[in-house]
Every structure is written in structure tokens, then in C-alpha cells.
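Taking the form predicted on its own, here's one chain by itself in C-alpha cells.
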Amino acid sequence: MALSDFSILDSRRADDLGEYRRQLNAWLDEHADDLAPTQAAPTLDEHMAQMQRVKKRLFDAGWMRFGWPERVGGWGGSAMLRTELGAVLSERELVDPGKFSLIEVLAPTLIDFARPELAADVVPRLLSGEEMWCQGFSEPNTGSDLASLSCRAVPDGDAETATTWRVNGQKVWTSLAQYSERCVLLTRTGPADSRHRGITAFFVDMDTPGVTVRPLEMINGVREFAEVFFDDVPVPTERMLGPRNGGWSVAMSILPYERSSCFWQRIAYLYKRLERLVEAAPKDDRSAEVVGDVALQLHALRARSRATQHRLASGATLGAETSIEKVLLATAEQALYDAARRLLPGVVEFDDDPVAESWRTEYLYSRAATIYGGTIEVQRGIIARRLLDLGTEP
């Protein structure tokens, strides 16, 4: 099957999206041996190399280009096409959804806020696996209060005419920074107390002198996160994303993709892990009850996420209601891995084979599901205040 035989589909019609999915799966079946991981329990380095290899094959074949604007090397069509691609790859366990979905977090930011010529140059590099990017948002002392960040950018000369800005400060919990060529970075450019009104976003090359990356080992033993230090790092003004002091809009623009496309891909992967649990668990009433509870939580999450996908595809603006998805995802993910620990005694704690190692690593990672991407306490506060009118902002 040649992609030239595939017309770009209007994904608002369910039969079109179904046809896209059918042809995509047929292509993946045809190239399964070429795309499959070569290790049963890959290291992070091996996993990253595998993911970039899959991206390149998909980009060369055209599948990574559906749903992206033509001005950045895409083939157009609804964003749901590319979201579905990530979900299918996650379900087939060809990529880790958390790492793969960084594309959905960062590429739209460049398309919407970077100079058109810059976006046209770098977005295809991200889609094709030639580059990795990271997101420099969180800081050691800000917690979930992103508006209080302190990493500062100052102009070389007058802010209105400066051609270069100097960045000093620290970021932390920066996913995959050690593998990244670029960083979407939030900096303080207004007064210290200006909060969200004094933030500016930049697109920084990670090999710039003054950038230091120190990977952080998580509880599961994987160094997926890093702390990043900026010591008088020069950044050209032309790398500013959006207007000066307009970085809060850049940060908020990421939310619809993080809470829709990325979640949909994660849900597909969690369903696959539930299938693995059903295969391995004892076939008794206790297992049926535990698995059934997880299945109900995942179904509720998927139904809610599906509605959000279609709202975003129709041009709707997503807001506080996506906090509901964040709470549902965090609780369902932890319920799944709690179920694995209950139904597979000793696997998480003691077994050393590759299958057990996978369950153990993911169980430990799931403990952070109620923290990353906005703590569950913050999300419940947003739901209470903004959706249920149970109080005012603190």
C-alpha cells in the first residue's frame, strides 16, 4: 500500500477516522519486524534510540506528517490524525506515550509562537526523530505555582532594541533534557513580583555555552528527568516565542494538547497494560473484581477524553474542565498498577525477569501520577472553584 493512495481524511466523520486507523495498522503490520524493539527490557538510552528510529521510519513513510500544517512539512488534516497515530504506537508498545507525546506538547508551541521560518526549519526535525526537545518550566522553589518562577532573562542593552538576552537560573524535572537539542524555556523578564505578567518564552539551543544538564535518578532507577542550569546563556531575540512578557500565553497554549492528545495516547497504553495484567493474573472472582474496577475507571477516563478530543478538533477552547481528565488519569493509572501488585504477588517487589522489571518500573513511576503535570490537589481545587463555584481563588 502506498501512502499516495491515502487521501487526507476529515476526522470529524467517524468512518474516515476508522479508515485512517485501518490503513495505519495495515502499514504497521507490514513493517512490524523493522519497527519492533530489539530489547525486552531496554535501558533509557536504548529506548530513546528506538523511539527516534520509529519516528524516522514513520516520517519517511509519511505517517508522521498527517495532522500537521503544510507550512512545517506536514500534510494537513485534523490534529486527531496525529493523535491517533500516537495512540496506535502506544498500544503496540512501539513507543512510550509519555516520551512520544512531547511532540504534541512542544511542536504546536513553535507553530503558533515562533517566527514562521524558524518553525518551518525545526518542526520537521522534531517529527522525523532528528532532534529531541525539552520543556524548561518547573523550578526548585515554584512547585505547582509556575507564575512564581525566577529563572531570569535580561537584554543586552535596551529591551526594545536588544538582539540578545542573557539567561541565568535553574530548571528542574525537565524531561529528557540530556537527550535534547532544544528547550522551550520560560523566563522572568518583568519585576520579581510581576508573576504571570512578566514571563517570556524562548527557544534555546541546549549546546549553547553556559547550559549544564544534570540527570536526576527517579525512584524507579531511571534518569528520565534532569535539572538544568543556565549561567549567562546568550539567546538571540529572534528566538523569543511570542511577545516579550507574553510567555504565560505560551505556557497556557500547551494545556489543550497536554490534556487531550497526550492523555489519549497514555490511555491507549494503559489499556494495553490492563490486557497484560488480565493475561497474567489468576482466573478467579477476586481477580475479576479488581480488574473490573480498573476497567471501569479506564473506560470513564477514555469516554471523557474522547469528548475532549472532538471538542479540540472542532476548534473549541479548552479550559478548567480538563482538570477533570487529569484527576481521572492519575487515579486510573495508580489503580491499574496497584491492581498489578495485588494480583501478581511478589512481582513488583522481588522478581528479576524482564517482565517483572517492567511492572516494577512502571509501578514506581505511577506513584508520581498524582504529582506531575499539576498535582491532584491543585486540580481538585481548580475543579471546586472554577467549575463547581465552591470558593474563590486564594
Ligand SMILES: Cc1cc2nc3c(=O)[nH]c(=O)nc-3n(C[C@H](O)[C@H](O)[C@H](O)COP(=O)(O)OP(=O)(O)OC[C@H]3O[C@@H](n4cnc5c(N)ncnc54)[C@H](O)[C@@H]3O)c2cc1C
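Just so you know, these numbers come straight off a predicted model, no measurement behind them. All residue numbers are counted from 1 along the displayed sequence.
Below, we refer to the form predicted in complex with this ligand, which is not included among the displayed structures.
Asker: Select from the listed residues 309, 78, 323, 175 the one whose heavy atoms reach within 4.5 Å of this ligand in the model of the complex.
Answerer: Answer to the contact question: 175.
Asker: Go through 296, 218, 318, 159 and name the one with a heavy atom inside 4.5 Å of this ligand in the model of the complex.
Answerer: Only one listed residue qualifies here, and that residue is 218.
Asker: Report the stretch among 128-136, 260-268, 205-213, 284-292 that approaches this ligand in the model of the complex to within 4.5 Å, counting heavy atoms only.
Answerer: Single hit among the candidates: 128-136.
Asker: Is residue 49 near this ligand? Define near as a heavy atom within 4.5 Å, in the model of the complex.
Answerer: Residue 49 lies outside the contact set for this ligand.
Asker: Answer yes if any heavy atom of residue 225 is within 4.5 Å of a heavy atom of this ligand in the model of the complex; otherwise answer no.
Answerer: Residue 225: contacts this ligand in the model of the complex.
Asker: May I ask you to state whether residue 337 is within 4.5 Å of this ligand in the model of the complex, using heavy atom distances?
Answerer: Result no; residue 337 lies far from this ligand in the model of the complex.
Asker: So in the model of the complex, does residue 375 come within 4.5 Å of this ligand, heavy atom to heavy atom?
Answerer: So residue 375 counts as contacting this ligand.
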